[in-house]
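Here you get one chain, nothing else, as structure tokens; it is the form predicted alone.
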């Protein structure tokens, strides 16, 4: 996106890509449909960027969810909004959009060189395996430190740290939750926990999670990453559409001789996965209908924290905004701009993450163009 904006402004642009092919993480995200954005207003979108909301606000205002949709359609890739307001390409994968984007960049005169990992500076020049270059302006989009096999290994931290730029340590986000299950959960591993409310700290979401060998995965868990990595317990409301009294009444209407498990199935229509989770979190289950109703509304699942950094979809941490000016240029390295996941921000999956990356790339590219004395294109 930064290359696109620089080229549209009239700059001669070269992209140096560390891997043999470009956009590997973009393509990996596209394997499950490529959720480009969440079809919300700017005011609805902004709080999902947490502490970085103020810094990112002008960038997201300049390239919000509607702008993302127009951009994809401008590349000839139709999009649609699903029932949860998530926006996807009609093709439901990343490769057609990427091919169209690369064609457009080629038409703009952008050159892409692969197998060129940045090795730091040699004076004012950028060092690569094949030699060094001395551009008039540089945009770094080096990623964070998750899924390192796709190219983002965080090795750049040492180089930027030596410039004195403020960096926050990387932490996993949009990551699975580690939990050592008891033996009775074995038959349910691989199944989905659906139609529940999940909460941690001050965060809460309606969603689902998949029970894995190592814990819980899925969008409902990813939305809570920020709280879960601080050690906040996971709270589960198995019946978010009923209050305690309604649940109690249904339980009391079941024959008194029924076992608790039968009561959960007959009175509340809980599926085997939900019953298993209830037993895992609150064993032995209360016999009192009132106490059982309260337990089902606030199950607490302890855990061993988020999955390791390299298993996370994305990371928090990176270049702090105080190290950058309003155009995302490093204060300690004039002419060098930063964009994307290497900046210190986080957002949940569901469109926010990709939108944020595109918005910061666009912002840095336009700032770099102005640094060259060029007028960014409309």
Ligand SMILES: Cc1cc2nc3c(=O)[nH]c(=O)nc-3n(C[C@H](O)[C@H](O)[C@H](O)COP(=O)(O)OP(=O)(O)OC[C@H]3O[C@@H](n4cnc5c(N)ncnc54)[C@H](O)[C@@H]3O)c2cc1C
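Since we're looking at a predicted model, the values are computed, not measured. Numbering follows the first chain given and starts at 1.
One more form of this protein exists, namely the form predicted together with this ligand; it is left out here, but the text below deals with it.
Residue 116 is the only one of 280, 271, 116, 237 with a heavy atom lying within 4.5 Å of this ligand in the predicted complex.
Annotated contacts: 4, 139 and 344 are all free of this ligand in the predicted complex [non-hydrogen atom within 4.5 angstroms]. Although the partner is absent here, residue 46 sits far enough away that none of its heavy atoms falls within 4.5 Å of this ligand in the predicted complex. Of the heavy atoms in residue 33, some are within 4.5 Å of this ligand in the predicted complex. In the predicted complex, this ligand sits beyond 4.5 Å of every heavy atom of residue 105. Using a 4.5 Å cutoff between non-hydrogen atoms, residue 369 does not count as a contact of this ligand in the predicted complex. Of the candidate stretches 148-156, 293-301, 75-83, 210-218, only 148-156 has residues whose heavy atoms lie within 4.5 Å of this ligand in the predicted complex. Shown here without this ligand, the chain has 351, 352, 353, 354, 357 in 345-373 lying with a heavy atom within 4.5 Å of that partner in the predicted complex.
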